[in-house]
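Below, in structure tokens: the form predicted on its own, a single chain.
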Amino acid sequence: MSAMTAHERVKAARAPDRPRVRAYIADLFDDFFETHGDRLAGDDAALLCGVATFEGRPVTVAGNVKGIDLDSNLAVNFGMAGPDGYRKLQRAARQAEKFRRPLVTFIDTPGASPTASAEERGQGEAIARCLFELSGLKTPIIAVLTGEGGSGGALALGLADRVIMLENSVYSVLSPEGFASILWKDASRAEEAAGVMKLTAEDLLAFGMADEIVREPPGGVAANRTALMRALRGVLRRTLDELCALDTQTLLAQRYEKYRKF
């Protein structure tokens, strides 16, 4: 394992050349068909949902969408979904349960959209409803943290039977900049904040909030995307086999116990 500081891992998680959700879908899944809209108000481009197959097994896939430059990030609100996105996720989750498909989510967001419009349209309720729906979903759920996992925007996709983190992903209640601004009234102390927030994959694994870490290849994931996807595919295959072997009652009981411990 590389001896990176917590702040260096935050920077690695945010790197613009890091694979985005569509790259994971293209490399890991077949026959992907994207579904659009929450059937209530709109279609949030910051959150992607669809159906696919993983090595012949039908699955539902969802994930935060980030861009690679200013224009593409503006088009998806820098990966910060609004209530339409979280309600789209709820719709996809209910459909996954109906057709007995495992749900696989990919998390990479600084947080939920903080705009007045999002709040007016029920942002808090939409995130809470995601937690409610996923907590009792009668099908396996796997969450994969690929970059940033920020606040409720990440948690809405993160209530899962297994939480897998890439080595340089992070997961926290808010950004180091926000933490420093609140605690010390000084956002410039973000590097110091990252060191005390316990947001790295190793920290989360030690807390029991992550279940497994996927090591990243030397040179970074952008330089060796094939190796990363090969390693992640193996973890997904094994985890899906384990979860799909459980009956529904056992699956839900284990999920309940997992989150009661928190």
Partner chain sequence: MDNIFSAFTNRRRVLDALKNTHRSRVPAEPPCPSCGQSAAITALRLCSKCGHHYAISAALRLDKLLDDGGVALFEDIPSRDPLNFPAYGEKLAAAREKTGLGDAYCVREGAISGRRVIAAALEPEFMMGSMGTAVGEAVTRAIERAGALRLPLIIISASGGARMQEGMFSLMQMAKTSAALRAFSDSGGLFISILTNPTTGGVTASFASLGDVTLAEPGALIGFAGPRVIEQTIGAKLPAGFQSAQFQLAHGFVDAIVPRDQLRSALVRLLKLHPETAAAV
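Everything numeric in this text was worked out from a predicted model, so none of it was measured. Positions refer to the first chain, counted from 1.
In what follows, reference is made to the form predicted in complex with the partner chain, a form of this protein that is not presented.
Here is the short version: of A190, I142, L155, V76, the single residue with a heavy atom within 4.5 Å of the partner chain in the predicted bound form is L155.
Remark: none of the three candidate residues (T5, V104 and I107) comes within 4.5 Å of the partner chain in the predicted bound form, counting heavy atoms only. The stretch from 30-38, 225-233, 46-54, 204-212 that comes within 4.5 Å of the partner chain in the predicted bound form, counting heavy atoms only, is 204-212. Contact check for S72: no non-hydrogen atom falls within 4.5 Å of the partner chain in the predicted bound form. Using a 4.5 angstroms limit between non-hydrogen atoms, E133 touches the partner chain in the predicted bound form.
For the chain shown alone, Q95 is not a contact residue for the partner chain in the predicted bound form, no non-hydrogen atom being within 4.5 angstroms. In the predicted bound form, the partner chain lies within 4.5 Å of some heavy atom of M197. Looking at 69-102, the one residue that comes within 4.5 Å of the partner chain in the predicted bound form, counting any heavy atom, is R87.
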